[in-house]
Ligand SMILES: Nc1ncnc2c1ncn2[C@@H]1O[C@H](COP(=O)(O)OP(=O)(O)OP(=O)(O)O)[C@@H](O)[C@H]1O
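We begin with a single chain expressed as structure tokens, specifically the form predicted on its own.
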Amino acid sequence: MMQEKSSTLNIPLEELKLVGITGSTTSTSEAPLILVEGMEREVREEDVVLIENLNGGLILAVCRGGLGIDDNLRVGSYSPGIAYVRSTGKSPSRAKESYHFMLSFIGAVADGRVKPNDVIVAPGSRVYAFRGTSHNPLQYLKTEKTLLAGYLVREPSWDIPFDAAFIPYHIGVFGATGSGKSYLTRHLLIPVLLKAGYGVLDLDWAGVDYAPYFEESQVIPISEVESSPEAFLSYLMDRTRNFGYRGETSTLSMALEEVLSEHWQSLVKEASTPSELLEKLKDLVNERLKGQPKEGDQKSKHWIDLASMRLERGLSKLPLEEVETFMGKVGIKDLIPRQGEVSVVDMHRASDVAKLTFFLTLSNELLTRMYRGEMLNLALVIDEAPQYCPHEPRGVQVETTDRIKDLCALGRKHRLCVVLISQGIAGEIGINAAIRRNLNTQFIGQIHPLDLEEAGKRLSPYGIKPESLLYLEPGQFYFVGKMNPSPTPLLISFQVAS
């Protein structure tokens, strides 16, 4: 029998409500719960309960997979109960009616802390509910580096503990349009990251989910950020389709690479307009091309003239507003925020290729710092992640996908947290599988039906039916992985700051 007051929980039992007992078959990680009559109207999925294990100890668990059974109403074959319903239109006796949950264990409570449970729960053990009391069972999940934010769904007073030690193990936020991804990021994730001592650099792909919600001094238009010659070269080759050449290298591409590496800074500094920059670039490249053939080499001269013609034709087709996004004066180093600060890059004015080539410049700077052994203390929040690292990368996306892999690999040891936000988890609507494996903490909200299989891989082992994710309310997310001190996912929500 449980004593009147637990020495490990310090909770008077009269303040807890007996809701049922464990049934058969039990284990060290889960057990069925048979509800006391009437409790089926009170106990809900995701409620946290306390098991008094008859084999010794106390265990915190979460209610999952609710089920109601009445042997009198089993369909598919004849029974007296079915006959009674058909003849009278009324329900038969409720003597064979029962209501069950499957309990997914959080852990055993000892000395005020939760640890993995290694004792089989005995069938017939009593189960008590915390809901409706003043006691928050999640307090026993706190660690030395715990930060509190958000709350358990239906329990706004129960703060969720976040283990800050695992922030550099990277984060994924997944949910269909309207599920509340940007709200979660703005109102829960970013505050947690700031409290943990990180600076936050947010790349706002469309310029509508983050930029309008921060101070003007915190928002930097992408057109004001300096670009690298490598990024501009990648943009040129992608936009002009390698100027009509097949293969990766050509006389023209080599000349362009040489000119940009030598003169990019002066081109940006001296040109006042995008058209002037392109004109100066064309003159420098043509000069470099003309110096290549030997005197009298008519064949070489023919190819040089052809390269010059393709250069002029390719540059003339470039949208000037896109070229302007590469002429910024704010240095990449100045873009990266200090600890406890937030910077948002508003990318809405740039083309997709320009956005991706900007990311190449930024990732080069971050990787260089990590190669030098610096601790970055930075969270890089990447909105619309499939644009950078899709299921099947093409063009510039091949480079950006590789850069994100590198950032994730080095980030763990250099306090860089990569946060990827995506409408889909896997496949055509999701992100690259190699990237996904690096996201050791995930927030999974209302999903697209195409993601049922992938969500099931993460949540089904804990008794969560992936179909239930189709019906989550906006702002509700399953908290899964390293930052969650609970081994079983928790369904959380958050307050939207006014």
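Just so it is clear, the model here is predicted, and its values are computed rather than measured. We number the residues from 1 along the sequence you see.
Not on display, but discussed next: the form predicted together with this ligand.
In the predicted complex, this ligand lies within 4.5 Å of some heavy atom of T177. Although the partner is absent here, P474 is a contact residue: one of its heavy atoms lies within 4.5 angstroms of this ligand in the predicted complex. Using a 4.5 angstroms limit between non-hydrogen atoms, D209 touches this ligand in the predicted complex. Using a 4.5 Å cutoff between non-hydrogen atoms, E384 counts as a contact of this ligand in the predicted complex.
Site residues S29, F162 and S486 are none of them in contact with this ligand in the predicted complex, judged by any heavy atom within 4.5 Å. In plain terms, the part of the chain that comes close to this ligand in the predicted complex, with a heavy atom within 4.5 Å, is 181 to 189 out of 349 to 357, 181 to 189, 109 to 117, 225 to 233. For the options S308, Q423, T143, S275, the residue carrying a heavy atom within 4.5 angstroms of this ligand in the predicted complex is Q423. If you take 108 to 145 and check each residue for a heavy atom within 4.5 Å of this ligand in the predicted complex, you get nothing at all.
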